[in-house]
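Below, in structure tokens: the form predicted alone, a single chain.
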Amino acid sequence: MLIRRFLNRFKRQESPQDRDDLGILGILVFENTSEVIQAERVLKNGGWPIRVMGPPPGIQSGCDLVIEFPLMEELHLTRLLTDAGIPPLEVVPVNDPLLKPVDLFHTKDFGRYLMVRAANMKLTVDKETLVIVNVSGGGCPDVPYLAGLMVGQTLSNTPRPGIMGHTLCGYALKLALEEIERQCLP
């Protein structure tokens, strides 16, 4: 455990500076979360530096998620997504603070426990044992099933909610798990 914590100090974490190095950013707006999930998979498999965010207040169309990307890659990404059958509804340059996408993650440290909220789902882990102690939030039908599978498991052994879940809540829980792993695992 102490070795893991020590190694975490050297773990490369994306900083705001890294995102600044990408130049002007844009956001891809989709009709629904299913399209966002598919687009994320296509773009990450292609190695593109993207991240799923909450839409800025100024965006009134699409779903509750957007994909942030380097704007100079717009042509490549929209062509790739169109070829995959998931063209975005809209591409919006983030050139105004009111158009900046909202971070999906909120972290709360309770001392021994760490809670990460991604969208509407919360995942809490015991920082000493890395055992998941709580899954809450959402209103999707698969949340109790996923909570039953994950609570009591360690971060390294827990089932992957992105594979087991089939709803927006399952997707948000996958994001929460990835974020808590980024913060707790080497």
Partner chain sequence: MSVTIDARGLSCPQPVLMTMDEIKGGSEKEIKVLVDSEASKENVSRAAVSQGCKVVDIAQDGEEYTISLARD
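Numbering follows the first chain given and starts at 1. In this text the structure is predicted, and so the values were computed from the model without any measurement.
Omitted here: the form predicted in complex with the partner chain. The next part is about that form.
Judged by heavy atoms within 4.5 Å of the partner chain in the predicted complex, the contact stretch among the candidates 40 to 48, 25 to 33, 151 to 159, 65 to 73 is 151 to 159.
Site annotation in the predicted complex: the residue of C140, V135, M53, A119 reaching within 4.5 Å of the partner chain with a heavy atom is V135.
By the criterion of a heavy atom within 4.5 Å, R79 is excluded from the residues contacting the partner chain in the predicted complex.
L89 falls outside the set of residues with a heavy atom inside 4.5 Å of the partner chain in the predicted complex. Proximity of M115 to the partner chain in the predicted complex: non-hydrogen atoms within 4.5 Å are present.
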